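Okay, here we've got a single chain as structure tokens, the form predicted on its own, with questions on binding and movement later.
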Amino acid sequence: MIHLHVEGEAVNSKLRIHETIKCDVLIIGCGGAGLRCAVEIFEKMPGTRVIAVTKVPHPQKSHTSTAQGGLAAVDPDDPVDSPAYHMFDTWKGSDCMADQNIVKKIVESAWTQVIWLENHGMHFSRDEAGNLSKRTFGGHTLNFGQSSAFRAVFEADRTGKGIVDTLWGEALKGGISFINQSIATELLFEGKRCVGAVIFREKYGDFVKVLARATVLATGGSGQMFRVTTNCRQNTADGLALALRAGLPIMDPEAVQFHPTGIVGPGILASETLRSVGGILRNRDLEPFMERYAPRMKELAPRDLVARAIEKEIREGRGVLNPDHNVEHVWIDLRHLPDYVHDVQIPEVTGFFRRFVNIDPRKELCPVRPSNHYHMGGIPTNEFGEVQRGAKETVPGLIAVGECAAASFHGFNRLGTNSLLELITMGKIAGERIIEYLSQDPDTLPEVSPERTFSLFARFMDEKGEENTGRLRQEMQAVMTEKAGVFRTEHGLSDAVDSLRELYERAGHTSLSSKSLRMNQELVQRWEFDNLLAISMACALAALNRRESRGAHFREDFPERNDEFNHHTLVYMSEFGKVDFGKRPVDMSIYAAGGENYEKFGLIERKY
């Protein structure tokens, strides 16, 4: 147990490592990507000692379990669809910023992973003939954009939960050890090699040093940067902040997706499934407005286009003011859908409307508006999930997968269902790479000590003042929503940077009401706020630097795509607000290979 003496002595003089644990693989984050990685290791190398850290009380509470709609995968024997069409859609949807080697690798392995999940117990929905049911999603097409593709397999509207439950069971069979309700506060290095991390166990209020031959970051997203988000409360950019503190870059932090249909009020996701089964977006006058913005695909255009269309309708006075929340929105109309669709295909989502806004979607219009959803940027990795220190150099022993990572499969706009696809495929690929690494790496672990954790936590414990972390966090979220949201400008982003600097200074004048380390939610929230401030600053500065519009990054003062910016941005931040920018080329290997339909993978125009 850690004993703290607060008065008259620096707190960090009493902070110490309570225990040192050694293992083969440390996985930080227990969502779909982290668990899929663990299961692959157990299947190919039984007996490997894997420790997984989760921020939540139980792995099944991980954010992946909230994913609703499905995962895209093309059966190679499909007489209508083709993996080439899926690759094209992903490339076009990304606004020519996805890395084509990643796109090819993930798409070509997609169907194999669907079969793997079903063979391991996942209950995919089936049609009356007994085949896997499929639904369409925005931006997924046949014949290189000619018509919508029914490509997403699903488990009703609880697909993410099905994936997590399946992987959790398989991980238990493999002998995984979980450290629940804990956070990673620092990556540990021997030279340039990552050898584990420091873990803070909230329940016990102590620090554990976990030394590992390979470490996996799978910490999820950063949605709590914004006021309204579909993300769980634990998605506070922790993995990205860990990387920045370790001197590593994050890539494309400005690439943030806003889902078009968040439920007004809580911001909870109203899945794209609603539009795939026939839901219609309507403005104040009940006009189905999407045909003005995407004449061919309408409601099934990619998310960034639909989100901007909704915001434009609201800006131009065609929104509806919600009296309960004093916020404007549009409607999604589900009233014409048959009972079968409500009862079988979208029961959970329609239940959200009943539970949270007291609306019956069978009889009433449902209020929606864009809500922060997904971070396309993240910790840069190569095609095997190995973390990069620069455009070419990797960090031995360190892997990143899932939403916290950027390989980059999504570029500057993610297509619906591609996130679940990425996490199961990249989880598997990363597991394979770790097995190869373990077979070559000597079974030795050095004794290293933390360099940042105790000074960081001592600072939090010693701070004095009248500021309140919760209020500061709300101010930060308001700034990011207004200045770095769906629409961005030079002036707004500059204001956001100034505001974030001020909030960082004010954060030093907060005071914790309890100095205990055990189950101190104030302390954890102070740490989370530090993470959110860092990634918000990186996002705002990168958005300011990218003077063009591309995918979900839309600059009103630079509304066109400028192919001078056709590169990934690497952001290093050695101290708050001081960044260095680097570049990583966008991989265009499908185009460069010059094969069949290669011209579809050039710098193409993006219209729907």
Partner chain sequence: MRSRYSITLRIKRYDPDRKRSWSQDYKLEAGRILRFTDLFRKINNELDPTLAWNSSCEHAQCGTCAVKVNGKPLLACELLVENAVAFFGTTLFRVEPITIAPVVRDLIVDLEKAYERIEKIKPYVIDPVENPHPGNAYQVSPRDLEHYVEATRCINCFCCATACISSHRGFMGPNAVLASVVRIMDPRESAKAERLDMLYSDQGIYRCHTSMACSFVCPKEIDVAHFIALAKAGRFGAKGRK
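Residue numbers count along the first chain shown, from 1. Remember, it's a predicted structure, so these values are computed and weren't measured experimentally.
Omitted here: the form predicted in complex with its partner chain. The next part is about that form.
Enquirer: Exactly one stretch in 382-390, 114-122, 302-310, 485-493 has heavy atoms within 4.5 Å of its partner chain in the predicted bound form; which is it?
Expert: Every other range fails; the passing one is 114-122.
Enquirer: Looking at 522, 78, 190, 441 here, can you tell me which has any non-hydrogen atom within 4.5 angstroms of its partner chain in the predicted bound form?
Expert: Looking at 522, 78, 190, 441 one by one, just 522 meets the 4.5 Å heavy-atom criterion.
Enquirer: To verify the annotation, which of these, 506, 325, 284, 362, has a non-hydrogen atom within 4.5 Å of its partner chain in the predicted bound form?
Expert: Looking at 506, 325, 284, 362 one by one, just 325 meets the 4.5 Å heavy-atom criterion.
Enquirer: Can you tell me if residue 445 lies within 4.5 angstroms of its partner chain in the predicted bound form, counting non-hydrogen atoms only?
Expert: No, residue 445 stays farther than 4.5 Å from its partner chain in the predicted bound form.
Enquirer: Quick check on residue 547: any heavy atom within 4.5 Å of its partner chain in the predicted bound form?
Expert: No, residue 547 sits far enough from its partner chain in the predicted bound form that none of its heavy atoms falls within 4.5 Å.
Enquirer: Can any non-hydrogen atom of residue 293 be found within 4.5 angstroms of its partner chain in the predicted bound form?
Expert: Residue-level check for residue 293: no, no contact with its partner chain.
Enquirer: Would you classify residue 436 as touching its partner chain in the predicted bound form, given a 4.5 Å non-hydrogen atom cut-off?
Expert: So residue 436 does not count as contacting its partner chain.
Enquirer: For the stretch 43-75, return the residues whose heavy atoms include at least one within 4.5 Å of its partner chain in the predicted bound form, in the order they occur.
Expert: Heavy-atom contacts to its partner chain in the predicted bound form: 56, 57, 58, 60, 61, 65, 66.
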